[in-house]
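Coming up, as structure tokens: structure 1 and structure 2, two forms of one and the same protein chain.
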Structure 1
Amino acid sequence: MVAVGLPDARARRSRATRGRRAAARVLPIIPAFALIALFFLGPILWCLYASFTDVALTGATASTPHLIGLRNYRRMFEDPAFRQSLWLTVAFVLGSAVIGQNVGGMALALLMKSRSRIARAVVGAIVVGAWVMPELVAGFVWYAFLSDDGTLNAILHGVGLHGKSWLYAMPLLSVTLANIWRGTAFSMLVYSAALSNVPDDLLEAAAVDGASAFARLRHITLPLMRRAVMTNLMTITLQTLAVFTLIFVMTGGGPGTKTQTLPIYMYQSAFKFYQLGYGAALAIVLLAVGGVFSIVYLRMMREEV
């Protein structure tokens, strides 16, 4: 960063100039932060307040909500549907982000390294294509792909296997696969960039010394990519935690409540059952989980700020 003036020069500067300088620094920031305060920070604070009330979308408590203390939160921890949605969210994040996208992205980046340009361009375009598609369209595409008459079952029949009603028989696996399909490109791009910073001569020297490909990966490549891996893991975890549209389109949270992750459950509570207060409490939990991950992420990024 750039140091602003020498200390003695600054001491000589008049108070008026200093005031003008401070204003010059702060003024341009104000419009952006006013908007963030109004539509980002404000709602979070209101949400915190609403989570302590019985505010509803319709009915008597819509206009005159009462403070009910921690009742929404107590209800939440006794609510089996909440506990289920928490576990579903954990499983969804672990399966589709931490394992699927992360490992898949790494594997693709490693496989693509030092392949021909054409192969890299073609595979890259296809994988990134899935990422660029709007989430809603990804949902439709996978709904069709996994439906009874869908492509997957047709292929399975073709090789003499029995198909399944995937969205009913294995709903969580279905949405997990769809999210892996959609998100792997991101990890792949991050890891390809990090991989290009691993010096080749280091790897070749190790190879000359007789290190196997696995040993080279384990002891040279991965340790050098540690930072990229951690940052990527945090980013995709936060993204996956908030996934709504993909699941909403594919299963609507069902069948029953089998894919009702936290965002879906929050939507159902607040907008379908009109319990805005309870929905707000769920939103606060979602925000808190995101906040915890975000702080970990922040600690890792601290040197870069």
Structure 2
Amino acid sequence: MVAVGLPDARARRSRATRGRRAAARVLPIIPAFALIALFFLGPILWCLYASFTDVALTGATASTPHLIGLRNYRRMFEDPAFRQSLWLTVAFVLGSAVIGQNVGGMALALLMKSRSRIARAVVGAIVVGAWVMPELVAGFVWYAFLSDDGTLNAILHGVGLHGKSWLYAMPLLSVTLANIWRGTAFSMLVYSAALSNVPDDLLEAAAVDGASAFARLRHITLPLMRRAVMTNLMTITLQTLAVFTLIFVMTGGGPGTKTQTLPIYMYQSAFKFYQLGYGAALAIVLLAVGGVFSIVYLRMMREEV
């Protein structure tokens, strides 16, 4: 009986020890998890619930909303304004983040790698200065630069060229360039850190073997930076999906609806036309779009080079 009982006692003590160790690992993160649930998961769940109601900012449904099922979602996908805003959002993200900030950040990181410390400090200060500038201030800067009486037209008139109303003639391109200018620094910093981990002797060996600079970039540098590229793409894509203040300050979603991306359309539906339920449904779709982009990037990150 004693011989049989000893292994059972040891097993119970071992399980108790593992339980205490697990509790010691879990307990410190409970406050963080509670804060995440309160300030992140809670609003998402409320937004999901509100998207199935007719809740509004004013009127009878402001205090007593009713469940209306999928009516907001059916209305959304039948709404030409939603389809246009979805297309504009995708175009803005692709042009501003996937192409503009990503390629611009990579180009700046590559150019600064072989420059002197003073040149890197000057360029870095200029680019990072645009990044740390508040989005509201950046929007006013670009509005002042591109407006009818702005800096760009003054420069063009000074050299004898004819200016134009850029915010009306090319509104989507204007807000895209402004967001590229403001956000490229993040990609530059990510890629500068990743480039520092690429072995110089490997690049020198490829150069000795006759590989061109483009070949070294394509076959050595980019494959070694693949995870950094995918991580950066996912981060800047999600950041760009949520851009609101920059566009709102520069164009207000106009002229007409030519820069009415999903965040602008969601704000106008919820707080201009007081349809909180419909705005919540738009927010859920915006969250789903971000999830789709994230899944694509995560799958690409897991694929073999």
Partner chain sequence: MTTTSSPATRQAVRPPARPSRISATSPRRRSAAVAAYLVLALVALAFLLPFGWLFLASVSDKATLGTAIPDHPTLRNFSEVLTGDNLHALINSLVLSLGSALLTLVLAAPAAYPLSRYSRRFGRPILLGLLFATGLPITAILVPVYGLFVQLDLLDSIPATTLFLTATGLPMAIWLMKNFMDEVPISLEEAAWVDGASAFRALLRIVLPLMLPGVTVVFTFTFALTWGNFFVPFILLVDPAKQPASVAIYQYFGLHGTASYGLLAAFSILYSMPVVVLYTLVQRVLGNAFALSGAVKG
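Only the largest set of C-alpha atoms that superpose within 1.5 Å between the two forms is called the rigid core. Structure 1 provides the reference sequence; residues are numbered from 1 along it. As the structure is a prediction and not an experimental result, all values here were calculated from the model.
Given that just one of these two is the form predicted on its own, which number is it?
The form predicted on its own is shown as structure 2.
Core-aligned C-alpha movement of G256 between structure 1 and structure 2, 2 Å or more
Moves: no, less than 2 Å.
Using the rigid core as the reference frame, would you say G69 shifts its C-alpha by 2 Å or more between structure 1 and structure 2?
Superposed on the core, G69 moves its C-alpha less than 2 Å between structure 1 and structure 2.
Does the distance between the two CA positions of L35 reach 2 Å or more between structure 1 and structure 2, the core being superposed?
Shift of 2 Å or more: yes.
Please give the CA displacement of G291 between structure 1 and structure 2, in Å, after core superposition.
That residue's C-alpha is offset by 3.1 Å.
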